[in-house]
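The chain below stands alone and is given in C-alpha coordinates; this is the form predicted on its own.
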(Lines give C-alpha, C1' and ligand atoms only; values in the text may rest on other atoms or scores of the structure.)
Protein backbone atom coordinates (compact mmCIF):
# COMPACT_ATOMS: atom_id res chain seq x y z
CA UNK A 1 0.00 0.00 0.00
CA UNK A 2 1.30 3.46 -0.87
CA UNK A 3 1.94 5.89 1.95
CA UNK A 4 0.48 9.41 1.84
CA UNK A 5 3.90 10.68 0.86
CA UNK A 6 4.17 8.28 -2.07
CA UNK A 7 0.65 9.07 -3.19
CA UNK A 8 1.64 12.72 -3.18
CA UNK A 9 4.68 11.91 -5.30
CA UNK A 10 2.52 10.08 -7.81
CA UNK A 11 0.04 12.94 -7.97
CA UNK A 12 2.72 15.55 -8.70
CA UNK A 13 4.67 13.37 -11.13
CA UNK A 14 7.84 14.92 -12.42
CA UNK A 15 7.55 17.94 -10.15
CA UNK A 16 8.61 15.85 -7.18
CA UNK A 17 11.11 13.56 -8.84
CA UNK A 18 13.78 15.19 -6.71
CA UNK A 19 12.18 13.63 -3.64
CA UNK A 20 13.19 10.13 -4.66
CA UNK A 21 16.29 10.21 -2.50
CA UNK A 22 14.11 10.83 0.55
CA UNK A 23 11.99 7.71 0.16
CA UNK A 24 12.30 5.18 2.93
CA UNK A 25 12.54 1.42 2.84
CA UNK A 26 9.35 -0.66 2.92
CA UNK A 27 7.91 -1.34 6.34
CA UNK A 28 6.82 -4.52 7.99
CA UNK A 29 4.46 -5.36 10.81
CA UNK A 30 3.87 -2.56 13.26
CA UNK A 31 5.25 0.06 10.84
CA UNK A 32 8.78 -0.55 12.09
CA UNK A 33 11.74 0.87 10.17
CA UNK A 34 13.69 -1.80 8.30
CA UNK A 35 16.59 0.59 7.70
CA UNK A 36 16.67 3.62 10.03
CA UNK A 37 18.22 6.87 8.90
CA UNK A 38 21.98 6.31 9.11
CA UNK A 39 22.54 9.60 10.95
CA UNK A 40 20.42 8.49 13.90
CA UNK A 41 20.81 5.70 16.40
CA UNK A 42 18.19 2.97 16.60
CA UNK A 43 16.92 4.31 19.92
CA UNK A 44 16.64 7.84 18.53
CA UNK A 45 14.55 6.82 15.53
CA UNK A 46 12.45 4.57 17.78
CA UNK A 47 11.63 2.54 14.64
CA UNK A 48 8.63 4.59 13.56
CA UNK A 49 7.62 5.65 10.07
CA UNK A 50 5.59 8.76 10.85
CA UNK A 51 4.96 11.04 13.81
CA UNK A 52 1.26 11.12 12.96
CA UNK A 53 1.04 7.33 12.89
CA UNK A 54 2.66 6.73 16.26
CA UNK A 55 0.60 9.54 17.84
CA UNK A 56 -2.61 8.12 16.40
CA UNK A 57 -1.98 4.79 18.14
CA UNK A 58 -2.62 6.64 21.40
CA UNK A 59 -5.49 8.67 19.91
CA UNK A 60 -3.35 11.83 19.88
CA UNK A 61 -3.50 14.19 16.91
CA UNK A 62 -0.12 15.30 15.56
CA UNK A 63 0.36 18.04 13.01
CA UNK A 64 2.50 21.05 12.25
CA UNK A 65 2.22 24.66 11.17
CA UNK A 66 2.83 25.42 7.53
CA UNK A 67 1.38 27.69 4.88
CA UNK A 68 0.46 28.17 1.24
CA UNK A 69 3.89 29.34 0.08
CA UNK A 70 5.70 26.32 1.51
CA UNK A 71 3.22 23.62 0.58
CA UNK A 72 2.45 24.91 -2.91
CA UNK A 73 6.01 25.57 -4.05
CA UNK A 74 8.25 23.07 -2.22
CA UNK A 75 7.27 19.57 -3.33
CA UNK A 76 9.91 17.82 -1.25
CA UNK A 77 8.75 19.58 1.88
CA UNK A 78 5.08 18.93 1.07
CA UNK A 79 5.79 15.23 0.63
CA UNK A 80 7.57 15.03 3.99
CA UNK A 81 4.78 17.01 5.57
CA UNK A 82 2.19 14.52 4.35
CA UNK A 83 4.30 11.64 5.59
CA UNK A 84 4.47 12.98 9.13
CA UNK A 85 1.36 15.08 9.77
CA UNK A 86 -2.31 14.33 10.34
CA UNK A 87 -3.27 17.97 10.91
CA UNK A 88 -2.52 21.20 9.08
CA UNK A 89 -2.14 24.47 10.99
CA UNK A 90 -1.98 27.55 8.72
CA UNK A 91 0.79 29.62 10.27
CA UNK A 92 -0.48 32.91 8.85
CA UNK A 93 -3.09 32.10 6.22
CA UNK A 94 -6.18 32.48 8.42
CA UNK A 95 -5.21 35.64 10.26
CA UNK A 96 -6.87 39.01 9.64
CA UNK A 97 -3.95 40.43 7.66
CA UNK A 98 -4.01 37.50 5.23
CA UNK A 99 -7.78 37.53 4.71
CA UNK A 100 -8.78 41.21 4.88
CA UNK A 101 -7.30 43.44 2.14
CA UNK A 102 -9.86 46.13 3.00
CA UNK A 103 -12.65 46.71 5.55
CA UNK A 104 -15.24 45.47 3.07
CA UNK A 105 -13.30 42.71 1.35
CA UNK A 106 -12.24 39.16 2.17
CA UNK A 107 -9.65 37.28 0.11
CA UNK A 108 -10.00 33.53 0.60
CA UNK A 109 -7.83 32.48 -2.37
CA UNK A 110 -4.91 31.04 -0.41
CA UNK A 111 -6.96 29.82 2.54
CA UNK A 112 -9.26 27.95 0.15
CA UNK A 113 -6.16 26.32 -1.34
CA UNK A 114 -5.07 25.20 2.12
CA UNK A 115 -8.47 23.73 2.90
CA UNK A 116 -8.53 21.91 -0.43
CA UNK A 117 -5.03 20.58 0.26
CA UNK A 118 -6.12 19.33 3.68
CA UNK A 119 -9.27 17.71 2.30
CA UNK A 120 -7.42 16.07 -0.59
CA UNK A 121 -4.87 14.52 1.74
CA UNK A 122 -7.20 13.70 4.62
CA UNK A 123 -5.65 16.17 7.06
CA UNK A 124 -7.52 17.65 9.99
CA UNK A 125 -7.58 21.44 9.77
CA UNK A 126 -6.72 23.77 12.65
CA UNK A 127 -8.07 27.31 12.58
CA UNK A 128 -5.57 29.91 13.81
CA UNK A 129 -6.77 32.47 14.82
CA UNK A 130 -10.10 34.31 14.74
CA UNK A 131 -9.29 37.05 17.27
CA UNK A 132 -5.77 38.33 17.96
CA UNK A 133 -4.27 41.73 18.58
CA UNK A 134 -1.40 41.16 16.12
CA UNK A 135 -1.20 40.38 12.39
CA UNK A 136 -3.89 42.94 11.72
CA UNK A 137 -4.35 44.71 8.36
CA UNK A 138 -3.10 48.27 7.97
CA UNK A 139 -6.61 49.68 7.74
CA UNK A 140 -7.70 48.33 11.13
CA UNK A 141 -6.27 51.12 13.27
CA UNK A 142 -7.87 53.88 11.20
CA UNK A 143 -11.21 52.14 10.68
CA UNK A 144 -12.24 50.22 13.80
CA UNK A 145 -13.43 52.20 16.83
CA UNK A 146 -15.78 51.95 19.79
CA UNK A 147 -18.84 52.44 17.59
CA UNK A 148 -18.13 49.67 15.12
CA UNK A 149 -15.78 47.28 16.94
CA UNK A 150 -18.50 44.78 17.83
CA UNK A 151 -19.92 44.63 14.32
CA UNK A 152 -16.38 44.34 12.87
CA UNK A 153 -15.55 41.46 15.17
CA UNK A 154 -18.82 39.63 14.60
CA UNK A 155 -18.67 40.07 10.85
CA UNK A 156 -15.15 38.67 10.65
CA UNK A 157 -15.88 35.58 12.75
CA UNK A 158 -19.14 34.87 10.94
CA UNK A 159 -17.50 35.20 7.53
CA UNK A 160 -14.37 33.15 8.23
CA UNK A 161 -15.67 30.46 10.58
CA UNK A 162 -18.89 30.29 8.59
CA UNK A 163 -17.10 29.78 5.27
CA UNK A 164 -15.26 26.75 6.63
CA UNK A 165 -17.98 25.40 8.90
CA UNK A 166 -17.80 21.64 9.23
CA UNK A 167 -14.23 21.53 7.88
CA UNK A 168 -12.28 22.61 10.96
CA UNK A 169 -11.07 20.39 13.80
CA UNK A 170 -10.58 23.31 16.19
CA UNK A 171 -10.46 27.10 16.16
CA UNK A 172 -8.17 29.25 18.25
CA UNK A 173 -11.08 31.60 18.85
CA UNK A 174 -9.13 34.07 20.98
CA UNK A 175 -5.34 34.16 20.98
CA UNK A 176 -3.04 35.66 23.63
CA UNK A 177 -5.48 37.77 25.62
CA UNK A 178 -3.36 37.70 28.80
CA UNK A 179 -0.35 39.94 29.46
CA UNK A 180 0.64 40.31 33.12
CA UNK A 181 3.05 43.27 32.57
CA UNK A 182 0.14 45.39 31.31
CA UNK A 183 -0.75 45.77 34.97
CA UNK A 184 -4.47 44.99 35.03
CA UNK A 185 -5.84 43.18 38.07
CA UNK A 186 -7.48 40.58 35.80
CA UNK A 187 -4.24 39.96 33.91
CA UNK A 188 -5.75 40.81 30.53
CA UNK A 189 -3.73 42.35 27.71
CA UNK A 190 -4.48 45.92 26.69
CA UNK A 191 -5.62 45.38 23.12
CA UNK A 192 -7.97 47.37 20.87
CA UNK A 193 -10.63 44.72 21.45
CA UNK A 194 -10.39 45.16 25.22
CA UNK A 195 -10.35 48.95 24.88
CA UNK A 196 -13.43 49.03 22.64
CA UNK A 197 -15.52 46.19 24.06
CA UNK A 198 -14.17 45.33 27.51
CA UNK A 199 -13.56 41.77 28.66
CA UNK A 200 -16.85 40.74 27.08
CA UNK A 201 -15.12 40.62 23.68
CA UNK A 202 -13.81 37.17 24.68
CA UNK A 203 -17.25 35.80 25.52
CA UNK A 204 -18.72 37.40 22.41
CA UNK A 205 -16.06 35.83 20.19
CA UNK A 206 -16.75 32.33 21.48
CA UNK A 207 -20.50 32.70 21.15
CA UNK A 208 -20.29 33.94 17.57
CA UNK A 209 -17.80 31.19 16.70
CA UNK A 210 -20.17 28.57 18.12
CA UNK A 211 -23.02 29.87 15.98
CA UNK A 212 -20.87 30.10 12.85
CA UNK A 213 -19.34 26.63 13.17
CA UNK A 214 -20.86 24.52 15.95
CA UNK A 215 -18.82 21.42 15.05
CA UNK A 216 -15.32 22.88 15.56
CA UNK A 217 -13.65 22.61 18.96
CA UNK A 218 -13.43 26.13 20.43
CA UNK A 219 -10.04 26.91 21.97
CA UNK A 220 -8.48 29.72 23.98
CA UNK A 221 -4.74 29.80 23.11
CA UNK A 222 -1.80 31.43 24.92
CA UNK A 223 1.96 31.25 25.56
CA UNK A 224 4.40 31.64 28.45
CA UNK A 225 2.91 28.94 30.66
CA UNK A 226 5.45 26.13 30.92
CA UNK A 227 8.33 27.21 33.17
CA UNK A 228 8.79 27.77 36.89
CA UNK A 229 9.48 31.48 36.63
CA UNK A 230 7.76 34.47 38.18
CA UNK A 231 6.17 35.51 34.90
CA UNK A 232 5.03 32.01 33.89
CA UNK A 233 3.68 31.25 37.36
CA UNK A 234 1.67 34.48 37.31
CA UNK A 235 0.37 33.82 33.82
CA UNK A 236 -0.79 30.31 34.73
CA UNK A 237 -2.76 31.81 37.60
CA UNK A 238 -4.27 34.48 35.34
CA UNK A 239 -5.17 31.85 32.75
CA UNK A 240 -7.01 29.71 35.31
CA UNK A 241 -8.85 32.79 36.59
CA UNK A 242 -9.86 33.72 33.04
CA UNK A 243 -11.15 30.21 32.38
CA UNK A 244 -13.16 30.31 35.61
CA UNK A 245 -14.71 33.66 34.64
CA UNK A 246 -15.55 32.35 31.20
CA UNK A 247 -17.24 29.26 32.56
CA UNK A 248 -19.15 31.34 35.11
CA UNK A 249 -20.56 33.37 32.18
CA UNK A 250 -21.43 30.24 30.25
CA UNK A 251 -18.90 31.05 27.53
CA UNK A 252 -18.88 28.06 25.13
CA UNK A 253 -15.17 27.30 25.45
CA UNK A 254 -14.19 23.66 25.03
CA UNK A 255 -10.40 23.55 25.09
CA UNK A 256 -7.24 25.35 26.16
CA UNK A 257 -4.22 25.72 23.87
CA UNK A 258 -0.71 25.87 25.33
CA UNK A 259 1.70 27.24 22.74
CA UNK A 260 4.84 25.70 24.27
CA UNK A 261 7.69 27.63 22.69
CA UNK A 262 10.46 25.94 24.68
CA UNK A 263 14.12 26.86 25.17
CA UNK A 264 16.68 24.07 25.33
CA UNK A 265 18.93 26.24 27.52
CA UNK A 266 16.17 26.80 30.11
CA UNK A 267 16.65 24.93 33.40
CA UNK A 268 13.60 26.26 35.28
CA UNK A 269 11.22 23.45 34.38
CA UNK A 270 9.07 22.15 37.23
CA UNK A 271 7.23 19.03 36.14
CA UNK A 272 4.92 18.94 39.15
CA UNK A 273 3.78 22.55 38.73
CA UNK A 274 3.02 21.91 35.09
CA UNK A 275 1.16 18.69 35.91
CA UNK A 276 -0.94 20.57 38.47
CA UNK A 277 -1.77 23.28 35.92
CA UNK A 278 -2.87 20.68 33.40
CA UNK A 279 -4.97 18.88 36.01
CA UNK A 280 -6.63 22.16 36.98
CA UNK A 281 -7.61 22.81 33.36
CA UNK A 282 -8.82 19.24 32.88
CA UNK A 283 -10.90 19.47 36.07
CA UNK A 284 -12.95 22.20 34.36
CA UNK A 285 -13.99 19.69 31.71
CA UNK A 286 -11.74 21.25 29.07
CA UNK A 287 -9.56 19.48 26.54
CA UNK A 288 -5.94 20.61 26.14
CA UNK A 289 -3.97 21.10 22.93
CA UNK A 290 -0.23 21.69 22.69
CA UNK A 291 -0.53 24.14 19.84
CA UNK A 292 2.80 25.72 18.83
CA UNK A 293 5.54 23.44 20.10
CA UNK A 294 9.15 24.09 19.16
CA UNK A 295 12.50 24.22 20.98
CA UNK A 296 14.84 27.18 20.51
CA UNK A 297 18.56 26.41 20.50
CA UNK A 298 19.49 29.99 21.39
CA UNK A 299 22.27 30.03 23.96
CA UNK A 300 23.48 26.52 23.18
CA UNK A 301 27.02 25.75 21.99
CA UNK A 302 27.74 25.72 18.28
CA UNK A 303 28.48 21.98 18.25
CA UNK A 304 25.76 20.39 16.13
CA UNK A 305 25.58 17.08 17.95
CA UNK A 306 25.35 18.72 21.36
CA UNK A 307 22.69 21.18 20.19
CA UNK A 308 20.53 18.50 18.61
CA UNK A 309 20.78 16.29 21.67
CA UNK A 310 19.75 19.06 24.04
CA UNK A 311 16.86 20.14 21.82
CA UNK A 312 15.68 16.52 21.70
CA UNK A 313 16.00 16.23 25.48
CA UNK A 314 13.82 19.32 25.92
CA UNK A 315 11.13 17.89 23.66
CA UNK A 316 11.15 14.58 25.50
CA UNK A 317 11.12 16.04 29.03
CA UNK A 318 8.20 18.32 28.17
CA UNK A 319 6.13 15.78 26.27
CA UNK A 320 6.63 13.12 28.93
CA UNK A 321 4.85 15.45 31.35
CA UNK A 322 2.07 16.86 29.20
CA UNK A 323 1.17 13.54 27.56
CA UNK A 324 0.63 11.98 30.98
CA UNK A 325 -2.49 14.17 31.19
CA UNK A 326 -5.36 12.38 29.40
CA UNK A 327 -7.03 15.72 28.55
CA UNK A 328 -4.17 16.49 26.13
CA UNK A 329 -5.58 15.39 22.78
CA UNK A 330 -3.23 17.02 20.26
CA UNK A 331 0.39 18.07 19.77
CA UNK A 332 1.12 20.56 17.00
CA UNK A 333 4.69 21.64 16.35
CA UNK A 334 5.17 25.18 15.03
CA UNK A 335 6.75 23.93 11.85
CA UNK A 336 8.12 20.57 10.77
CA UNK A 337 11.50 21.38 9.25
CA UNK A 338 14.25 23.84 10.13
CA UNK A 339 13.92 24.96 6.50
CA UNK A 340 10.86 26.94 7.58
CA UNK A 341 10.81 28.30 11.13
CA UNK A 342 9.81 31.67 12.55
CA UNK A 343 12.74 31.44 14.96
CA UNK A 344 15.23 32.01 12.13
CA UNK A 345 13.90 35.56 11.75
CA UNK A 346 12.59 36.46 15.18
CA UNK A 347 15.02 34.63 17.49
CA UNK A 348 18.25 33.94 15.58
CA UNK A 349 21.38 32.64 17.25
CA UNK A 350 23.95 35.23 18.30
CA UNK A 351 26.70 33.32 16.51
CA UNK A 352 24.81 33.48 13.22
CA UNK A 353 24.53 29.71 12.82
CA UNK A 354 21.23 28.34 11.46
CA UNK A 355 18.69 27.52 14.15
CA UNK A 356 17.65 23.87 14.57
CA UNK A 357 14.39 23.83 16.57
CA UNK A 358 12.21 21.32 14.70
CA UNK A 359 11.91 17.54 14.08
CA UNK A 360 13.50 17.67 10.60
CA UNK A 361 16.60 19.58 9.55
CA UNK A 362 16.74 21.98 6.61
CA UNK A 363 17.45 19.03 4.30
CA UNK A 364 14.29 17.29 5.56
CA UNK A 365 16.27 14.62 7.37
CA UNK A 366 15.14 13.35 10.75
CA UNK A 367 16.95 14.71 13.77
CA UNK A 368 17.17 13.43 17.32
CA UNK A 369 14.14 15.63 18.04
CA UNK A 370 12.05 13.53 15.64
CA UNK A 371 12.95 10.38 17.54
CA UNK A 372 12.33 12.03 20.92
CA UNK A 373 8.83 13.08 19.86
CA UNK A 374 8.08 9.64 18.43
CA UNK A 375 9.22 7.92 21.61
CA UNK A 376 7.14 10.29 23.76
CA UNK A 377 4.04 9.44 21.72
CA UNK A 378 4.81 5.73 21.87
CA UNK A 379 5.15 5.71 25.65
CA UNK A 380 2.20 8.02 26.38
CA UNK A 381 -0.98 6.59 27.91
CA UNK A 382 -3.75 5.96 25.40
CA UNK A 383 -6.63 8.46 25.32
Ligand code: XIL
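Positions refer to the first chain, counted from 1. Computed from a prediction, not measured in an experiment: that's the story for all the values here.
One more form of this protein exists, namely the form predicted in complex with the named molecule; it is left out here, but the text below deals with it.
Contact residue in the predicted bound form, from 150, 112, 176, 74 (heavy atom within 4.5 Å of the named molecule)
Going through each option in turn, the one that passes is 176.
Among 265, 247, 241, 92, which has any heavy atom within 4.5 Å of the named molecule in the predicted bound form?
Residue within 4.5 Å of the partner: 92.
Closest heavy atom of residue 169 to the named molecule in the predicted bound form, within 4.5 Å or not?
Output for residue 169 is no: heavy atoms all beyond 4.5 Å of the named molecule.
Does residue 132 reach the named molecule in the predicted bound form, with heavy atoms at most 4.5 Å apart?
Residue 132: contacts the named molecule in the predicted bound form.
Just to confirm, residue 259 within 4.5 Å of the named molecule in the predicted bound form by heavy atoms?
Yes, residue 259 lies within 4.5 Å of the named molecule in the predicted bound form.
Flag residue 235 as yes or no: does it have a non-hydrogen atom within 4.5 angstroms of any non-hydrogen atom of the named molecule in the predicted bound form?
Although the named molecule is absent here, residue 235 would stay clear of it in the predicted bound form, with no heavy atoms inside 4.5 Å.
Indicate whether the candidate residues 96, 106 and 108 are all in contact with the named molecule in the predicted bound form, with contact defined as any heavy atom within 4.5 Å.
Checked in the predicted bound form: no contact with the named molecule for any of the three.
Which of 351-359, 334-342, 313-321, 55-63 has heavy atoms within 4.5 Å of the named molecule in the predicted bound form?
Careful reading of the contacts points to 334-342.
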